[in-house]
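There is one chain below, alone, in structure tokens, taken in the form predicted alone.
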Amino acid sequence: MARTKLSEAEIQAALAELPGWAVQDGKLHKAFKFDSFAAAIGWMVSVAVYADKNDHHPEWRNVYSRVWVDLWTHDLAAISGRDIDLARHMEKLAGSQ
């Protein structure tokens, strides 16, 4: 995916395909809930492998079975196609929570 800033229309079109995601403070945001701490951490590790391979890393935090995620492309200070790609991959790994 390209590191280019998405238009508002492109972001809204992507959000229509990403249940539970929203734009919050200029970033893609979602709170995931898992069945346990182990499930949340396992998901985070799987996401981390993909993110590192693609050199595109999330801002996130975990408390027990919940993970809060914010995605944006830091060098653009905007949402890009790379953020949408990572959000889609997170959904796939989460089984569309």
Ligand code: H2B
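All of these numbers come straight from a predicted model, not from anything done at the bench. The numbering used is simple: start at 1 and walk along the sequence shown.
Absent from the display: the form predicted together with this ligand. The rest refers to it.
When contacts are judged by a 4.5 Å heavy atom cut-off, D25 does not count as touching this ligand in the model of the complex. In the model of the complex, this ligand sits beyond 4.5 Å of every heavy atom of W43. Taking non-hydrogen atoms only, D55 approaches this ligand to within 4.5 angstroms in the model of the complex.
This ligand is not shown here, and in the model of the complex it never comes within 4.5 Å of any heavy atom of K92. If you take 58 to 80 and check each residue for a heavy atom within 4.5 Å of this ligand in the model of the complex, you get W72, T73, H74, D75, in sequence order.
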